[in-house]
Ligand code: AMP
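Presented as structure tokens, the chain that follows is alone, the form predicted alone.
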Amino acid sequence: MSTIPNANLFAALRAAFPTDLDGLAVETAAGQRYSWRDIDRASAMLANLLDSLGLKPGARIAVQVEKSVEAMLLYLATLRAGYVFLPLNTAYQSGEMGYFITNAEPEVVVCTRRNFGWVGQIAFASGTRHVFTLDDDRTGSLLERAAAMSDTHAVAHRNADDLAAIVYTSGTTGRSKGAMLSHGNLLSNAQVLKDYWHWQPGDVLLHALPIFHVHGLFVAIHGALLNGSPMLWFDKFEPRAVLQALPRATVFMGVPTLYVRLLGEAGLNADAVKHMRLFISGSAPLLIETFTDWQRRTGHTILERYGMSETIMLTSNPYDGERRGGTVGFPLPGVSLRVAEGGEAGGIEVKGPGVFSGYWRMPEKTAEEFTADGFFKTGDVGRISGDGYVTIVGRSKDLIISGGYNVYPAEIEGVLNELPGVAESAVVGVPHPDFGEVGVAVVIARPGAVPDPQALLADLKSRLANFKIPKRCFVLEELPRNSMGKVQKNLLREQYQQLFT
């Protein structure tokens, strides 16, 4: 028997369950109720199924299914049995899935029944031994097989640095990379956030995020489970239904798009959110207009934070104290954060217990992304104010070097977004024969407005240095976004690549 305490993340989550296991743990929008005992028993049955397959230590379990409580239970079972969870975006098609399955070599793949034909073909061709199905209506071969298993399971012993999950980055440049996160990475981050965000008895989380991503899978679920808090569970975000459920919740986590859509509901007012304690936003930049509109309509100030697949959460605006719009607050306890190159803005580098050990099977890339003194280069560009607030200026790969000058798109977007008739904007760099690279602005109009691209550029000239002014401006219906609401600037760059060449 090992005398080292079990650092398996599931053991810590299970220890935080309330003493009354028959109390409510999860309630779905359709009215299905799961007790804490149900979560314990179902995760045990699924863990026993995984154990029965004779998998190798460290086996990867790749999962591409629609959001459901059962999908969460599969995640918990994977941790419990000591295997490695590999969540995959439901939007991925065969080319992408082929890459992930070949790269990660999972021993188990779980997909929807609708996709079983093509996913199974890719998986079996790559040497995967087991392919199960799981749908969001509690059906599929995974649950059928698990139904025969025992509902008790001894949690597998794991060390803090043992691998718990591999999360593939969204791959906006080049191939996606698999960030390797350990049990210790995930647990330390959850414990810090529990204190920092003042999780308390009686909290109820409204969960409306996808669970193939760090925000919904780790930050939200671990937060609720580690606090023994029930979740109101929405498989899909529907603003009206979420608004109606807010009086029963105290904590909500969203991406900026969700806040914008809730602001579109006439019923959103201070009364609708009077039981709420905390609104958190992340995964993409929150426009200052959304921040102030939310304050005005609800009386609540959204808490914006910053993290990434490789590091989980890094910074957060304070729970008590000024939540400053346009910033992501302070480094979390235990996180060292610095801005390289010094001066006004520079590359953000971080070190801390949540930072991953490296990219799956990419030792050269891993070495490249860490400094000699062990800081991870996030690829984000930021600045730190005199009183310590961190502001993200953009991604280093979005940096435009025009005629030798550094141009940060986020700065131009901030000014554009304040101009009359502009709802949102994106600025990207494209090749130019004289300047090497120049900016192109893409603008989304406010409802009923018809902004004139030339007038917008003229207005920018009165506010910014000439070298920062985009050479062209286009008004579009919408910006291309990924599933977490981030603008896909790589697609905009491709679209305007030939504009000046």
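We call the rigid core the largest set of C-alpha positions that still match within 1.5 Å between the two forms. Each residue number is its position in the shown sequence, starting from 1. Model, not experiment: these values are computed from the prediction.
Although it is not shown, the form predicted together with the named molecule is what the next lines describe.
- Proximity to the named molecule in the model of the complex, taken as a non-hydrogen atom within 4.5 angstroms, holds for one residue of 191, 227, 176, 309, which is 309.
- For the options 283, 78, 316, 185, the residue carrying a heavy atom within 4.5 angstroms of the named molecule in the model of the complex is 283.
- Heavy atoms within 4.5 Å of the named molecule in the model of the complex belong, among the stretches 284-292, 267-275, 415-423, 105-113, to residues of 284-292.
- Residue 392 belongs to the set of residues with a heavy atom inside 4.5 Å of the named molecule in the model of the complex.
- The closest non-hydrogen atom of residue 406 lies within 4.5 Å of the named molecule in the model of the complex.
- Among residues of the shown chain, residue 305 is one whose heavy atoms approach the named molecule to within 4.5 Å in the model of the complex.
- Contact annotation for residue 380: at least one heavy atom lies within 4.5 Å of the named molecule in the model of the complex.
- Annotation: in the model of the complex, residues 6, 71 and 204 none come within 4.5 Å of the named molecule through any heavy atom.
- With contact defined as any non-hydrogen atom lying within 4.5 angstroms of the named molecule in the model of the complex, 328 is the only contacting residue in 316-331.
- Core-superposed comparison between the shown form and the other one: CA of residue 405 displaced by 2 Å or more.
- Core-aligned CA deviation for residue 437 between the shown form and the other one: 2 Å or greater.
- Between the C-alpha atoms of residue 401 and residue 380, a gap narrowed by no less than 3 Å is obtained in the model of the complex, as opposed to the form on display.
- Closer approach of the C-alpha atoms of residue 308 and residue 401, by 3 angstroms or more, is seen in the model of the complex than in the present form.
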